[in-house]
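Take a look at this single chain in structure tokens; it is the form predicted on its own.
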């Protein structure tokens, strides 16, 4: 029995991120000016406060509506690579029998947003820990952000509850721009400087690009600050379109060598002035201060993992033009990872970068402090799971394959899903091709389709998007003749998205195919009660808000 409904057209992927404009104006001072008093350091501009207001008022909607890009830093491939590096980091410290007693290793995710990355990371980390000599090692993952609405969302999210019950997840209101201690919402304790018994891992994906930067220009060896004006209009982050009101302009002027109160920052600026040709560059002042506070919190035992667009070496900073604010509801800037790495190195730490140019995202590790035996396992894991073939490569392969799903075989599509570490986004995008091919598969291959898709479904973390993935996967299982599997997904759709006549009708027809007449009649009657015009064998639900025709 075939119960097939139309599959929704795929949502377009976000275009490649633009970094900086390639042109360097001959004289930045000659840019069109605005009223006196509006020019100020980039890090002190009103745009940052409006940015905070945007995220505060949008909450998780900033991501669920697709306004702010996040897939490239919230996917299973990245989560598993990070988990591998963290396991290596822990093994380095445990190898030297460090103390700590029963206190857990803490992992602090900054700017955790929807919580999706944390969910995928915890799934990967728990699996790897169980398969390693660290199976009994205590740890606690901390989802943190500066806005309370995100914490409320995480605390009520059913997918996170099993981690809370296992004692491996807590929550904290933490502002990366100013906080130096972490107050755990569930444990009721505060992580304070010099009181942590074990090293800390911090995760910052798409965070450093969205907190205050400064901008500088080097002209004939002389360092200039790039003052910024947003056009003089009042900015209101409550308006989701606020960034469209920003008219960014830069003008430069020479600066005193003692620009910052931090001597290390000034030394780094002086190094750029002497080494860069005529160029502009961004300076992650908020990120550097955040890392300094985290170092003090941990007694200089810190691993930071960060994924973002930006620059990792001095060569890539040569000849850059005026900074470009990339708008997407909020805005972001390319991250000068080279400056962060140089600052970490100046404090006695080290930076790990990818070994070849990255096409979409840079993944970096910053290490301060070290166990007596060094970071053998951590660096090996970073090399194997990030440098040699990492999440950026996985993303690039997936993007290249997107245009060819229809010509790929079922076996090839399943291989792609496995390669992406069971990515539900890839399953969603492959659904039209799988729907066309699965009926022709033999029983063994259909079973493998169900197995691979179920693993990807287990990585699915709903945040309220339009697409009802469970409903669509249920249709795939129906096409494969796997009605018990289809019931699992249709029931998941009812649980996540509420009662809908199309879903209930398909549940009823699946029961009928399985010989469960009473259950079938009950669901079909309920479907008719919700919509007297529901059409057998063509149930269709375009999105959560609309009803079937």
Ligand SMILES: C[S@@+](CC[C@H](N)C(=O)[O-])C[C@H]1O[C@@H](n2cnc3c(N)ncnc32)[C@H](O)[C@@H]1O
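Residue numbers count along the first chain shown, from 1. Bear in mind that the values here come from a model prediction, so they are computed numbers and not experimental data.
Omitted from view is the form predicted in complex with the ligand, to which the following refers.
Novice: Looking in the predicted bound form, any heavy atom of residue 175 within 4.5 Å of the ligand?
Specialist: Residue-level check for residue 175: yes, a contact with the ligand.
Novice: How about residue 329: is it within 4.5 Å of the ligand in the predicted bound form, going by heavy atoms?
Specialist: No, residue 329 sits far enough from the ligand in the predicted bound form that none of its heavy atoms falls within 4.5 Å.
Novice: Under a 4.5 Å heavy atom criterion, is residue 145 part of the interface with the ligand in the predicted bound form?
Specialist: Flag for residue 145 set to yes.
Novice: Would residue 237 count as touching the ligand in the predicted bound form under a 4.5 Å heavy atom rule?
Specialist: No, residue 237 stays farther than 4.5 Å from the ligand in the predicted bound form.
Novice: Can all three of 159, 454 and 494 be found with a heavy atom no more than 4.5 Å from the ligand in the predicted bound form?
Specialist: No, the whole trio is out of contact, none within 4.5 Å by any heavy atom.
Novice: Any idea which of 313 to 321, 105 to 113, 240 to 248, 272 to 280 reaches within 4.5 Å of the ligand in the predicted bound form, heavy atoms considered?
Specialist: This holds for exactly one stretch, 105 to 113.
Novice: The ligand isn't shown here, but in the predicted bound form which of 306, 420, 368, 210 has a heavy atom within 4.5 Å of it?
Specialist: Selected residue: 210.
Novice: Out of 228, 337, 206, 265, which one falls within 4.5 Å of the ligand in the predicted bound form, going by heavy atoms?
Specialist: Filtering the options by heavy-atom distance leaves 206.
Novice: Let me know which residues along 48 to 70 have a heavy atom within 4.5 Å of the ligand in the predicted bound form, or say none if there are none.
Specialist: Going through 48 to 70 in order - heavy atoms within 4.5 Å of the ligand in the predicted bound form - the hits are 52, 55, 63, 68, 70.
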